[in-house]
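First, one chain by itself: the form predicted on its own, in structure tokens.
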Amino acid sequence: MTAESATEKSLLVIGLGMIGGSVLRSARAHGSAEVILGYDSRDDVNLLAYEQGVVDNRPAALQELIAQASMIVLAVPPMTFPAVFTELASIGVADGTVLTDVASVKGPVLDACRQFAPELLSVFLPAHPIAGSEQSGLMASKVDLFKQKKLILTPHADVSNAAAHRVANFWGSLDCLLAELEPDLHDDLLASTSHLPHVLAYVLVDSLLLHPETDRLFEFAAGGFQDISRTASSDPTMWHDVFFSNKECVLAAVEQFEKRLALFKSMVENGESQRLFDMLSTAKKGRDNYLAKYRS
């Protein structure tokens, strides 16, 4: 899917964390909307966003902001979508308003829309920017977070062509590289490449905290530990929601990893030197190929 230059009359981002804040900063920098609006469930965050110039609006009621919006981006944790869609359905959105989101799960988000705000399906195109960091909160947001980063759109049967076109144009205006996946395939793939690595980082750090010499252990931890554990510094609320929202796919990825970990353990226990070397070599080749093809 390609994008054209587009300017929305009024952008509203609901949820002013690192991703939501980055959407706002990037939209302002690229002229993607004439008016930049934001709303968070925390009053102090709303005030901070205004004082920092991230949004144009002073803290206001969500109903008031929704009435002004031509484009709404939902940047909230996955398990809050039922409540958000319920509120949107209760308030109602103006004719011509379109919606998108930034959640790293898509099937459950669409299910929430179908159940709690089915009238919005025709104007809602879910999206997932493959960008972020282990930092969280509005002040961690960056104007260039999405620059030349992949943005996955997940079209569904109920979204109108006009709404899908506008959402694609909006994300393209932030300098994202647009791609498309079916919602269920998105959740299956991302469970392995995004959700599982976060599981491993969190569980690794959790297991090390049980070590009787934890302080000394961390004192002598090297760059490898820092690299592999980086995402354990991510927002626990968001990742708690991701793991439960994408439960089936996450568990399938964990089970596959457990099988390979068990094989590794067996090789070491039984002194299967060549088999272990072959596994390590295959893994190195696989990662090197990934870097050369997709990160060069």
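These numbers were taken from a predicted model, which means no experiment stands behind them. The first residue of the sequence shown is number 1, and the count goes up from there.
If you look for the form predicted together with a further copy of the same chain, you will not find it shown, but the lines that follow are about it.
- Annotated contacts: 193, 260 and 279 all touch a further copy of the same chain in the predicted bound form [non-hydrogen atom within 4.5 angstroms].
- Contact with a further copy of the same chain in the predicted bound form, judged as any non-hydrogen atom within 4.5 angstroms, is confined among 139-147, 193-201, 162-170, 111-119 to 193-201.
- Using a 4.5 angstroms limit between non-hydrogen atoms, residue 152 touches a further copy of the same chain in the predicted bound form.
- Proximity of residue 292 to a further copy of the same chain in the predicted bound form: non-hydrogen atoms within 4.5 Å are absent; the residue sits far from the partner.
- In the predicted bound form, at least one heavy atom of residue 264 sits within 4.5 Å of a heavy atom of a further copy of the same chain.
- The shortest heavy atom separation between residue 42 and a further copy of the same chain in the predicted bound form exceeds 4.5 Å.
- Residue 130 is the only member of 127-144 with a non-hydrogen atom no more than 4.5 angstroms from a further copy of the same chain in the predicted bound form.
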